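Let's start with one chain on its own, the form predicted alone, as structure tokens.
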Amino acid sequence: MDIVIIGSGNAAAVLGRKFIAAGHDIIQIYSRNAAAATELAYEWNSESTNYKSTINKNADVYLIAVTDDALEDVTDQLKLPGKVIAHTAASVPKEILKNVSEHYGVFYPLQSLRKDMTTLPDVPIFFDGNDAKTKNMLEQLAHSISAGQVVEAGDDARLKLHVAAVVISNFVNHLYSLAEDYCRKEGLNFKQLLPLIEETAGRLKNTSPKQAQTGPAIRHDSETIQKHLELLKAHPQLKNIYVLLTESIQQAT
């Protein structure tokens, strides 16, 4: 397929590389950040523009990969009649594109994407469209870059999925950050915890998180918990979260 990517950030860069690896052609990158668009265009042997009026009108698919709060501004005055257009946001309804084209949808990659990734990650794709033409084209595009993890999901399903994604990715990473700060202040090496992090995540491939739960909270080991809380008096933010999560784990058993 011939693709125009609108955006030049993390999602745009990684998806673009995966499209190229799958044999698609990115014929143009549009971005308000002219330097970033030019850099990607050079990498992909494509062209770039930072003017909506000069967006190439000959692509098969137009993919808007920008932040949620930038979508309204990007789509303002954008007209692509007869073309299939989709955005990549989980929590924004597809109808935000209804004035851009008669064929609109969503192409949501459920993965944490960074422009500086040295290898292309596996990217499950959740897609939706307002009509059969849009759904079929986005599904084909999704299958070309995802190893079997392609699912049709409407606005409500994607929003619910995004909540879960925030919990298991953003919230968990915040816990890593707090643990790293704790280790630094206590003269410990956070990297010594990496094997535990990897093993904990890896076991979820074959085991339910509830079944995999370990630690003093699920054992109701009050003696160890009290020792931890004494130690955490010097780390009030981490202590508050420790208490909250301990109570949550115990209530779930």
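Each residue number is its position in the shown sequence, starting from 1. As the structure is a computational prediction, the values presented were derived from the model and not from experiment.
Heads up, the form predicted in complex with a further copy of the same chain isn't pictured, but that's what we're talking about next.
- When a further copy of the same chain is considered in the predicted bound form, only one residue from 38, 200, 50, 56 comes within 4.5 Å through any heavy atom, namely 200.
- 162 is the sole member of 143, 115, 162, 133 with a non-hydrogen atom lying within 4.5 angstroms of a further copy of the same chain in the predicted bound form.
- Heavy atoms within 4.5 Å of a further copy of the same chain in the predicted bound form are found in one stretch of 185-193, 42-50, 23-31, 57-65, which is 185-193.
- Taking non-hydrogen atoms only, residue 76 never approaches a further copy of the same chain to within 4.5 angstroms in the predicted bound form.
- Although the partner is absent here, residue 121 sits close enough that one of its heavy atoms falls within 4.5 Å of a further copy of the same chain in the predicted bound form.
- In the predicted bound form, residue 174 approaches a further copy of the same chain with a heavy atom inside 4.5 Å.
- Residue 102 falls outside the set of residues with a heavy atom inside 4.5 Å of a further copy of the same chain in the predicted bound form.
- Along 225-248, these residues reach a heavy atom to within 4.5 Å of a further copy of the same chain in the predicted bound form: 227, 228, 231, 232, 237, 238, 240, 241, 242, 244, 245, 246, 248.
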